[in-house]
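One chain comes next, on its own, written as structure tokens: the form predicted alone.
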């Protein structure tokens, strides 16, 4: 690890070009990233996490039919004027907060060639610096934003970091799974740092292994901090599983030539790309709301399920 502090992470990439077929017909005419959890679209939770972590330069990778994402984070003059004229200052503040909170750029992924390709599409906007990647489907409720937790690891090591979660049983076969260094990744540079979670050095990442072949029970979830070296590997690896450019394959190659850490974060992850996960997230986030929680809990109790 270098004695010099690493350059700060200033940019976050949000891949949002997927078709959202698991939520058809709801996603036939609107992006899955714009499906509302209580009263905010899914993607806004991730953008707010990046902002609360100190990153306000947002790059959103979009595709055909994703214009509503751009509209959501843009200024809406007509709506703001109407709210102002009707004296609805509280709603006006909410609307303006969305458009004012970030510096956003968009890039089009013209072909659906996978997550790795989506990240590669943003290369010219990222440049030669480390950057974050957040997958909007993973909404993580945490007292300290998970990306902020990961930035603490990055700032201590100067290395790439991926968020991982312990996944039991056969479900591990649906994820990329990390292999830990023999020492468990415990290295001297962590002696002076008190991370909220646990950071470990990794040696490999295996995409969707059979349970008996999985190198650990730690699965990659939708938060990454990547060095610009990832782009070189994304260009070299070619198409992998499903005929797509897999980010996991590029991470494997990167981990073999420079330090790479897995981070077991503190927080509760909701997989909103899954119907049941989406419903659970809606309920749990609503129950935590000061304006809705008590009445919603009373309603749920009255159902006598």
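Residue numbers count along the first chain shown, from 1. The structure displayed is predicted, hence computed values, not measured ones.
Quick note: we don't show the form predicted together with 1-O-phosphono-alpha-D-glucopyranose (G1P), though the next part is all about it.
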| query | finding |
| --- | --- |
| Listed range touching 1-O-phosphono-alpha-D-glucopyranose (G1P), judged in the model of the complex by heavy atoms within 4.5 Å, from 78-86, 142-150, 206-214, 230-238 | 206-214 |
| Contact residue in the model of the complex, chosen from 122, 221, 133, 159 - any heavy atom within 4.5 Å of 1-O-phosphono-alpha-D-glucopyranose (G1P) | 221 |
| In the model of the complex, the residue from 62, 248, 53, 44 that sits within 4.5 Å of 1-O-phosphono-alpha-D-glucopyranose (G1P) by heavy atoms | 248 |
| 1-O-phosphono-alpha-D-glucopyranose (G1P) in the model of the complex reached by all of 115, 138 and 176, non-hydrogen atom within 4.5 Å | yes |
